[in-house]
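First comes one chain, alone, set out as structure tokens in the form predicted on its own.
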């Protein structure tokens, strides 16, 4: 055993030496290159621009891009893809600039490149980090085949406010699950060797706290305590750094009153010194310039502040390019500030292998062989089906029979434009599969009667806002009443109604905050009319956020949340509707009854006068008009089968800090279908020096069970799982009593208790 241990030490030491040698080689190369660079060329490396001509991800397009590349005044490009376009741009840098420094090419590859997967919020509902990593691996392969080597992903912002449109782009409200997803995405993009031409550098965003924007309004102020930051909002970013993410993007919001883009505590003290991050930091789109509107000074002032704080690359705004030389001459920044940022950009290019081969990612025959293949589409279909969450299934309306007549009704039922969801820069909605097409593919024996039934919205002003990037909300030539009458007549001629309703793709996403997160009135009217027919109604719900669904939950027999499923959405939805796949998704965000409850999240803290269900209400922390409860809690999701949990068994009632605790339960499939369940373990620290939440997710396991089958599921906790941040921002544990909960969601759980001793 001693020999094995020594071998392990030797292997580790060898790996460390190899890494050290690689670092030394990189340092030498970069130092030699920088010694030949002019001040202007160093500043140029800090300049990230977009030439336009693609899908806009901001309001500004760079000017004079080609000329600046030739002058060595551009470090990277984003917004273009495809070997031919990327090669032309790289030629400008490598063949026409003085030092031939290659460009880095980035893009918003958020949930797939051209083969689109479910939106990230949907991906998170798989609770399957292997599938999530697989989606990022495929995205990296496709993006790199299109000449790219840098993805502005993953977005790991914790979000507790579904009014915020970008909740669609993250992993939900929980820091533990969010951290696992962050690691999986980074591994998927970067692999284990960034010099391989099928890997791309990840960029974790938005650092930091962007998901906590006040009022759920995009780009708005964030203000929270340090304990709140460390305990709930920072862990996913830290997880991405620990996974070796190559770059970080700063956020638009303020942190402790200072914009993140120029926050030295955030970008240097926390990110680099505390966490040991070695990559580079890029601003969000023109966020350097936008600090002027925050009240931080003119462009020269804010650019100097950002550089000194630890920002390395300026996206689009060109504040660095146009002001840093002047700031240096005036003593507002130092040469060391510029050199440090330039070095980190060059190191990233070195790690990507671009100095060895600037055309490493540019191979003209790769797109045809590696993009939108049968294999990638099959993976998209599989992953999408795993992301759907069955919210209700009264009287086992689902799965549907593959016979009879179905009324397929709704503005999203035969709508390619809205299958992919938000942030699909390179995605082609024309290649997506609609639900009508999917049903025909999966259940060819049925008769489909289709009616649009309603516009996505009848509010023309709202539709104009949604359609800012393209027409997603179309107003039919028929009147709303004519559409409704046709839908009711169609329903009456059918055995079952499948109503496909919800949001258009860009009703969620960046700059898509909503104050009312219910279904639009036009669709509510349609759904109520369909339910009134007395036919069984299945609501297939497209959404990029939790919606308020109290009426729908009370009155619609079956509800399947499909988020935005991506390229293969229609096929995957049909797979689930007809029972080819038994839904297993679980919510990663809480669905409120009303916007008045927001922010609403499962891991909240108690007040001194906590709400008690069915208890007295006066002088309690509650509402006069509704309960505190959500419609659907965190972790919730049904199956076509049912699962039961035995009482919890603990292998001991008291543990020492050096010991582990084993928690087991027997999960039984008590229904009529084979299915997959996600067993979830939560803890509560009953008494602590800093108030603790009522529950915190600590572990989960996915278990597949044949009908009638039982399996014992065992979780292991150690003292690290019981730690929390104290008022000094130190991770500590304290002896005392803990409650442990196990179940299929955060609400419906079995409970047991144990104690932790001091020694």
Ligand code: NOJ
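Numbering follows the first chain given and starts at 1. Just so you know, these numbers come straight off a predicted model, no measurement behind them.
Another form exists, predicted in complex with ligand NOJ; not displayed. Remarks below refer to it.
This chain is displayed alone, yet in the predicted complex one of 407, 245, 123, 315 has a heavy atom within 4.5 Å of ligand NOJ; that residue is 315. Of the candidates 128, 161, 370, 284, 284 is the one whose heavy atoms come within 4.5 Å of ligand NOJ in the predicted complex; the others do not.
Mapping the unseen interface onto this chain, residue 252 counts among the residues with a heavy atom inside 4.5 Å of ligand NOJ in the predicted complex. Residue contact check for residue 586: none of its heavy atoms lie within 4.5 Å of ligand NOJ in the predicted complex. Ligand NOJ in the predicted complex is not approached by residue 233, whose heavy atoms all lie more than 4.5 angstroms from it. In the predicted complex, ligand NOJ lies farther than 4.5 Å from every heavy atom of residue 207.
Only one of 594-602, 284-292, 493-501, 671-679 lies within 4.5 Å of ligand NOJ in the predicted complex by heavy atoms, and it is 284-292. Site residues 152, 423 and 510 are all in contact with ligand NOJ in the predicted complex, judged by any heavy atom within 4.5 Å.
Although ligand NOJ is not shown here, in the predicted complex the stretch 98-131 places heavy atoms of just one residue, 108, within 4.5 Å of it.
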